[in-house]
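Okay, so we've got the same protein chain twice, two forms, each given alone as structure tokens, structure 1 and structure 2.
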Structure 1
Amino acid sequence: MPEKPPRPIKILSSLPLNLLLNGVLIIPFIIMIYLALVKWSPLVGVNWWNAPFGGVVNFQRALSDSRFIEALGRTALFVAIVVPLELLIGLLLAYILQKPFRGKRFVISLLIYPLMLPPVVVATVFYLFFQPYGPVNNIFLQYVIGPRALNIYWFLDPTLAFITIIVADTWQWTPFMFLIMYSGLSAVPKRLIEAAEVLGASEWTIFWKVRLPLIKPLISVAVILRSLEAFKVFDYVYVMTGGGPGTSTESISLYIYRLAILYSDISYAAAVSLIVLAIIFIVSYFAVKILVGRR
């Protein structure tokens, strides 16, 4: 491959991207940075371009805001639980579905159906599910622990509420991991598999030594993308627990939402968002380097 890209490729591969991202997102982003550096809220009554300068005041406030730090930690914990869970289940399912069988396309369509629903609706469904009058308690009732199940109030206990959010997220997003890995596994050349089988390798070995290394880049991509999204978890928390009880399940996205939209604390919210952005940026920089680095 020539070192320098030929003219048309060079233009095509950077100009449209530049136009799109810069045209749509740069100016609002700069506005956001500006808002974080001033002390402004619509309630202050001055135009946003006349706002008094604040410097790092908002950032200092964020660093001593325990609700913010707790929300950060909580959300990080959530991501650390949810992403590996979805990865493993998705990988397992993708592997199982490598074998052809009748109605496979139908089954796959079924398995990826959760992705087609708006997260808000999924949140509502699971909200109803975990109510005392919902199916979870009434099915548990019948099979697992008897009539006491009717007295389990999922949203009253911080841990149980946290679990419900994990359940909702897993239900909706495992298909994401599954789909990526399924397409990746399907792309493994059959000839390699056949060659390995001829050499007498067991199915387990084939999986570990042939398939997995080949889809590693895709796994990394999937994990990075999914983690970024999981960090922004909002709908499930908002609808199902409202961040409660108290603020014990409040995700960082919900906190920022409340700051920006309910309390109209725009400058502070912008500062908090930028801090979150910086943290995620740094963490994912190293993650990408490790996972995808070689390229």
Structure 2
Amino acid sequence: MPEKPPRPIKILSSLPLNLLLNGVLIIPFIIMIYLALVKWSPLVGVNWWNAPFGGVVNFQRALSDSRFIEALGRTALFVAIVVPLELLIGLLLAYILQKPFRGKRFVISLLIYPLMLPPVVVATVFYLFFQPYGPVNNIFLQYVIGPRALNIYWFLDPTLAFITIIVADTWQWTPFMFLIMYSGLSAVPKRLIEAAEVLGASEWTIFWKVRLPLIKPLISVAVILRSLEAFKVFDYVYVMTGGGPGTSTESISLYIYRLAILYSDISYAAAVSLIVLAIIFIVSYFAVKILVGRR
């Protein structure tokens, strides 16, 4: 039986990783907590470690900040729309592509292509698509509602601007859901499907009673991962609408960016970031707990 390495060797072998984690994660996180508890901005002319202590003033300010609450609610609404939409489309595509056909590999490669593009590129393309004289008005909608489509100004109406962001996000991230659903459906044992067919079950019954229950844990994981990613939406909002018109499409990430970079209100931005982090942690904790309980 091989001997265990001495404790000093274990410590030294893990030291580079610990230094990396402390430098990249823990130390900046501690600094952010400190900044949230002081009153500091680069414009005040003092170093951040000499800033006066403010306690929970920044957190109280956030709870009474209507713009922060609206951005948080708007981001939650965005997540509540895009994640189920991407899941349903991805599941539908995965189900359709389960059957073999000629050119299947090419179709799958084409479907996952949007994932290879940077979000800022996708946002720029869709920003050009939804211009008043862009392809959406001139080509797609003109055949549906006629010449009146040329008068649709997508980025001047809060609801329409919000829809453009949803469309861009759905186009890029539906392939993510598709890949997970496709791998899950492909892993369902064929003997179960064949047994159901022998018993006379229809294709819809097999999907609803056999395939779907077996991939429910996978669906839960996909929804959690995608929700966490969608909550960080920034590129589409920043490039396509800039948070406008006004602040009607401003996401929480864009609001924090403006607080820290444009308004130089670093302490308040740190407090808002910690509140958002706490909310994400609580939601993720209960989501994972529910998932583990179901399993």
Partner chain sequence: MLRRILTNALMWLVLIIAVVWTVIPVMWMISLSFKTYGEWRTPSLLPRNPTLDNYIMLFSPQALGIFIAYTAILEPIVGPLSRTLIISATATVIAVMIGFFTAYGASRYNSPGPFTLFFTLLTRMLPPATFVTPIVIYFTTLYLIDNIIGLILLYAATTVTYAIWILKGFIDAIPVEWEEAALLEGASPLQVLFKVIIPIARPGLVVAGLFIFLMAWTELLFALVLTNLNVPLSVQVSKYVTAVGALWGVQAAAALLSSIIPLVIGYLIQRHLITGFTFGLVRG
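What we label the rigid core is the largest C-alpha set whose atoms superpose within 1.5 Å from one form to the other. Quick note, the numbers are simply positions in structure 1, starting from 1. Everything numeric in this text was worked out from a predicted model, so none of it was measured.
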Of structures 1 and 2, the one that is the form predicted together with the partner chain: 1
Leu63 C-alpha shift between structure 1 and structure 2 of 2 Å or more, rigid core reference: no
Core fit, then Trp48 C-alpha moves 2 Å or more between structure 1 and structure 2: yes
Rigid-core-fitted C-alpha displacement of Val24 between structure 1 and structure 2 (angstrom): 3.7
